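Below you'll find only one chain, the form predicted alone, shown as structure tokens.
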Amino acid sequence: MSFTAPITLPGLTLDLAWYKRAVFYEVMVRSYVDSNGDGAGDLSGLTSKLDYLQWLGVDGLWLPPFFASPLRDGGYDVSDYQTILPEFGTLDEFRDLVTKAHERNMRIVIDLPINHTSDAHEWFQQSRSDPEGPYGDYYVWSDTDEKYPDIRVIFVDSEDSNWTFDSERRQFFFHRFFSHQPDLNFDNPAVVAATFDIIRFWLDLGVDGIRLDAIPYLFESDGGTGEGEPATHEYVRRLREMVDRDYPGRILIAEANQWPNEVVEFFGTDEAPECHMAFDFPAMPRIFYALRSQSATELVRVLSEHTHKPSFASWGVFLRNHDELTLEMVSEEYRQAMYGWYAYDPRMRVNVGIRRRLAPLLDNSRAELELVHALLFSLQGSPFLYYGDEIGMGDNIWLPDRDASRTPMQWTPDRNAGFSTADPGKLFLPIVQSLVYNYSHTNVEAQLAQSRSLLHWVRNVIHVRKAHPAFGLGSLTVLRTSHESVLAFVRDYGGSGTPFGDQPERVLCVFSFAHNPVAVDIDLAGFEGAAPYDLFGGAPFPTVRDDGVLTLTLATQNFYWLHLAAQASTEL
């Protein structure tokens, strides 16, 4: 498959590999800007901030669900897939958002939870009231709650079973998540056709990508785990075929909280492709573990694992998002250590994870915030930022469930942090007013006025990354170092478009998780005599010795991005 042919949409020109170089930004519509004073953010408010996001360097916006919903699960409980929740706006306002984003060369990716609906969805109401009707088989029903015993319960804090009894139909319905979110029955061809129609509807509106929420759980089978069943992969293959045929340049993103060797299955193959992108869940908790343990060993191991993926595929890497910091991908000992470091108060925990924002997780340490962002932007894959993390926003652990980290964006030190003109008591969630993260000093306006603020620092790193294709398109090779606290790898790109013409671009990335300054030897065999220089300021560093070793000194929790001049013998 070629990735060079340009695709033209109204106001936007892109090639088929745009997502590999993109910097994404997750923005919850309800939390961003309230344009009409009703206390909740809306699409028009988001549209009004596109210039800010363009200035920041964002290429793609990821919008969690904004569809009609009872909002019992932040909008992931959809009651109508083709209607926008009235408090968020209208379809015309959504079209305007897409058009104006495209004018700024930004893409729109929407979140589509098709595994389940809200129990308020008309399909479910029809299914429970008329079992023999057209929607009777739209959901997974059973006379017993003992079916599929090998399928695990995901929300262990709130659900005892994957089955709930319905008093009207007098049967149990299946749900992988909350009991108010019944799973759709994908064994029914009508359900498959309906979900295809929903995806077409939004792609026809100009959406550039679909995040397939909870994609491993679509199909169940007797004796199976209900995760990544063969029928699920067949569904995704059919969906990808439709997207490539009818909407070239649009992408599918898999949200599969599984190990890389399982997630990679949702890429498919070059001959039978599935999703263009998938989130890399295992690396994320190990970044936080390294910060406190001062050991990069586990992170080195995870990044050294080579999972073969198709040529078109790309990972989505992240630090935080609207969900909890999940600890499903770690051992019990590891999990307890993470709880002790980052969630010492039980209110900070939810399900098998931690419900905190990035800055509070790191005790608002500027050094740690810079270190993890530098690592995020240099990893293989496309980085996803969470709204507000660029200014170090705080959270509110007194709010229920995952609302702790979904509070209104803090724009100014004025009333309601500039989020809304409504009476403060009318806001859908209160503004953060804690001592350290108070909106009066943690806000966009204040940080725009400070050249050395976190906001300006994050923007600078984003723009440096975008100037060097090795970060978006290059390979990643983990290097041996002499210090357990230090992670080092080379990003290597030999294609066109580098700052060096036809010459390959190789960037050495070094990160120290130590709580004290360290000196480290890095094995750079093959780069003997190379003269590194800093990508940010251009300062020269010592050359790599004849024995292939580079010695560096790093300050406490510090990092380097160093360009390695191309040498005749630079094959790793």
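Numbers for residues come from their place in the sequence shown, where the first is 1. Small disclaimer: the values here were computed from a predicted structure and weren't measured.
Not on display, but discussed next: the form predicted in complex with a small molecule.
Visitor: May I ask whether Y76, H116 and R402 all come within 4.5 angstroms of the small molecule in the predicted complex, judged by heavy atoms?
Guide: Spot residues vs the small molecule: full contact, yes.
Visitor: Note which of R406, R107, R355, H121 lies within 4.5 Å of the small molecule in the predicted complex, where distance is taken over heavy atoms; exactly one does.
Guide: Selected residue: R406.
Visitor: Going by heavy atom distances of 4.5 angstroms or less, which of N443, N162, S314, Q181 would be at the interface with the small molecule in the predicted complex?
Guide: Among N443, N162, S314, Q181, a heavy atom within 4.5 Å of the small molecule in the predicted complex occurs only for Q181.
Visitor: In the predicted complex, which of 448-456, 211-219, 184-192, 292-300 comes within 4.5 Å of the small molecule (heavy atoms)?
Guide: That would be 211-219.
Visitor: Looking at the partner-bound form in the predicted complex, is F155 within 4.5 Å of the small molecule by any heavy atom?
Guide: Yes.
Visitor: Any chance E370 has a heavy atom within 4.5 Å of the small molecule in the predicted complex?
Guide: Heavy-atom contact with the small molecule at 4.5 Å: absent for E370.
Visitor: Determine whether any heavy atom of R286 comes within 4.5 Å of a heavy atom of the small molecule in the predicted complex, and answer yes or no.
Guide: Taking the distances in the predicted complex, the answer for R286 is no, it never comes within 4.5 Å of the small molecule.
Visitor: Tell me, yes or no, whether D323 is in contact with the small molecule in the predicted complex, where a contact means a heavy atom of each within 4.5 Å.
Guide: Yes, D323 sits close enough to the small molecule in the predicted complex that at least one of its heavy atoms falls within 4.5 Å.
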